[in-house]
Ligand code: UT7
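One chain is shown next in structure tokens, namely the form predicted alone.
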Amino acid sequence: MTTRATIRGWGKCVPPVKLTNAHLEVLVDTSSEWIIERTGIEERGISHVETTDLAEVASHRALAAAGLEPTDIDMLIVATVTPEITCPSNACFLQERLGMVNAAAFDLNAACSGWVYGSATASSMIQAGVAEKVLLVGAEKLHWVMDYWDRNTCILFGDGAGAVVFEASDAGDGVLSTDLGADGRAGKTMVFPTLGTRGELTNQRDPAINRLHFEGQNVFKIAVKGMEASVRRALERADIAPDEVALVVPHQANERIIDAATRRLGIERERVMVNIATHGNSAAASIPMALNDAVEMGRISPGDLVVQTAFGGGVTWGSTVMRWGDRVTPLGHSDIELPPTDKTVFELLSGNREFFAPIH
């Protein structure tokens, strides 16, 4: 029997402070109706803590759901485009926090496709016999790089984290196929250089340079075509027809993109998991948070065929096809929570507003 990577535990962490469309109406020239019509988003989490803090909570919850201790994990992968620092990796920060002393640890950056790239990596490591139990985490603090004077971008993104535990299985469940791809020629459509080494060594950052560059219409076209084609390739490799899929869990970038891509696949809305209204676009964290919600809502049953698909900066894309295992209820629960905060959403965003104000 073929050994595959199957999901045994799942968890997520959503910041308690929410940036609602009503808040955005105060910050920029927009309306809740305009935002919902174009994106499907009503609110998004804004974190008062760091990326690793979000990842830690999601990890504890996923481990508890799997009935495992941190020392049971032999590989830790953190998918993120907003690391706290570049070295050590967020994965090493998280390993220390969790006491996950037996695990190899590394970060993975494929932007919003990071979760699917991470799923493919975890699956491959397990199939190759390099690891038996892998904790995969997607965590983002995207608000830190946002210009909250720019209504075209600041309405989209939110913070959060999600995690799953992959384990080796010989029972026929697990990841059946993957498809990964990239096109660096289109990379200019989504860029934020804030966390890079480009330029001179200086403590001063130019807000005109260190801001998100986002070509919305081009991204829409690339995303719809890329996700559709990627899912078709992954399904073909698994010898699965679209009508056999129980649930598609797409990257929560924009409700219009999700609808267009799944419609082209012939998959009706009832078989698509969408939670963008309350989470926004959380990059590498979006699929695991949506997957967690799907399990908790009873939308995944044992043996179901589940597709994950994403696109992101790079431009990158990817999809996985997996057969869910025999369990959809957690073996345990973690009581861990983020530390409380008394800061308002406006206080959390004040630094961004001050930094980008000179160019508006």
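Every value quoted in this text rests on a predicted model; they were computed, and no experiment measured them. Numbers for residues come from their place in the sequence shown, where the first is 1.
If you look for the form predicted together with this ligand, you will not find it shown, but the lines that follow are about it.
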### Summary
Which of 232-240, 158-166, 217-225, 126-134 lies within 4.5 Å of this ligand in the predicted complex, heavy atoms considered? The stretch 217-225
### Query
Looking in the predicted complex, is this ligand within 4.5 Å of a heavy atom from each of 38, 253 and 256?
yes
#### Entry: in the predicted complex, residue 30 touching this ligand (heavy atom, 4.5 Å)
yes
### Task
Decide whether residue 190 counts as a contact residue for this ligand in the predicted complex under a heavy atom distance cut-off of 4.5 Å.
yes
### Message
Although the partner isn't part of this model, could you tell me whether residue 151 comes within 4.5 Å of this ligand in the predicted complex, counting any heavy atom of the residue?
### Response
yes
### Query
Do residue 78 and this ligand come within 4.5 Å of each other in the predicted complex, heavy atoms counted?
no
### Listed residue that, although this ligand is not shown, lies within 4.5 Å of it in the predicted complex (heavy atoms), from 95, 262, 281, 82
281
### Query
Using a 4.5 Å cut-off on heavy atoms, which residues of 107-123 contact this ligand in the predicted complex?
112
